[in-house]
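To begin, one chain is listed below as structure tokens, in the form predicted alone.
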């Protein structure tokens, strides 16, 4: 069984049609408020690039895009000079939106895990998103809140970033379809550290739950404040709360009963193949992977597998990603015609005794239901 998992993770089709050497730069945020998430994205890409399919040699450099759209655009323009077959592109929505015109001009496929819904709605054929967008994850989050937690009067707390605004719009839309209006909503800047005021306002508004869409660090601060205040309300959070780096900021007791949506939970090791990925990631990075790392691993491996089968130019790779499917470790990926490759989400919950969550619900093609 371990041998099978290792093969799924670290090898590819032994019958590669062409030997090929390709350049695939990694442009991700390694400083700023998305540094932790960006490091996960980088690690997932590197794990794939360092174990390419048979016959493929992958060259890559890693560039820090910070959180500035201008920095990201400049990084992409520099990378274009090396004639890459594709680029691992940052997860920050504002950066991705700024990079799309460059990708269009240079005809370079961008492999990203940004959840911002708008990036695949610009008619750009070179964007490929391997993390389920907000239209998928937020529907799963709201459905779980309503169907499993009996939520009727939620407070919605979200970030002021493009990521936060995109998720907020999808949450509110999903609630509206269920005939529910939030009793309280508030957008928080990523610099906000004191979460007590927003929790007090949610309680005063009569909220029976919190539906949260924050980045990792703010998610941890919110949970600490909720535990310290004895809030006692169900919390259904975003994918920031699936990151081991975020969870390590909290005591298990502060996580008791908290649930979150994400694309996958590799630390939960639901399958032998997932256990193989977890073991390989731990060996290489001395850390635990999250859904971001696995999504970027899967996306990068899909591109490398296409190269192994003969897609050795950006145009050929674009066609292969647009028309093919790939059975990754987290899910099967296939474009919906816009570059959305991932269409499944899971819900994880914490028992208050361990930092390893349990996967309690799977949602496949939730946005199409």
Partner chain sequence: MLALQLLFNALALGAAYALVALGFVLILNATGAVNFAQGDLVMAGGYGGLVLARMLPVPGVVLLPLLMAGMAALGLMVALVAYFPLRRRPPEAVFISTIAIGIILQNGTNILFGPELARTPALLGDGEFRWLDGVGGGLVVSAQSVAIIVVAALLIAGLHLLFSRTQFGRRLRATAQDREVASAIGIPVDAMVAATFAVGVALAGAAGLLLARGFFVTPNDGGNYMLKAYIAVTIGGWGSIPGAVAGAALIALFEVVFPALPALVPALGGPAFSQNGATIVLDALILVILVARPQGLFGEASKARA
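Note that this is a predicted model, so its numbers are computed, not measured. Positions refer to the first chain, counted from 1.
Just so you know, the form predicted in complex with its partner chain exists too; it's not on screen, but the next bit is about it.
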| item | value |
| --- | --- |
| 4.5 Å heavy atom contact, residue 220 and its partner chain in the model of the complex | yes |
| Non-hydrogen atom contact residue 320 with its partner chain in the model of the complex at 4.5 angstroms | no |
| 4.5 Å heavy atom contact, residue 189 to its partner chain in the model of the complex | yes |
| is_contact(residue 333, its partner chain) in the model of the complex, heavy atom dist at most 4.5 Å | no |
| Interface stretch in the model of the complex with its partner chain - options 320-328, 301-309, 24-32, 51-59, non-hydrogen atom within 4.5 Å | 24-32 |
| Interface residue in the model of the complex among 121, 143, 284, 224, criterion: non-hydrogen atom within 4.5 angstroms of its partner chain | 224 |
| Selected contact from 266, 216, 109, 154, since only one has a non-hydrogen atom within 4.5 angstroms of its partner chain in the model of the complex | 216 |
| Its partner chain in the model of the complex: contacted by all of 270, 272 and 351, heavy atom 4.5 Å | no |
| Neighbours of its partner chain in the model of the complex among 249-284 [non-hydrogen atom within 4.5 angstroms] | 249, 251 |
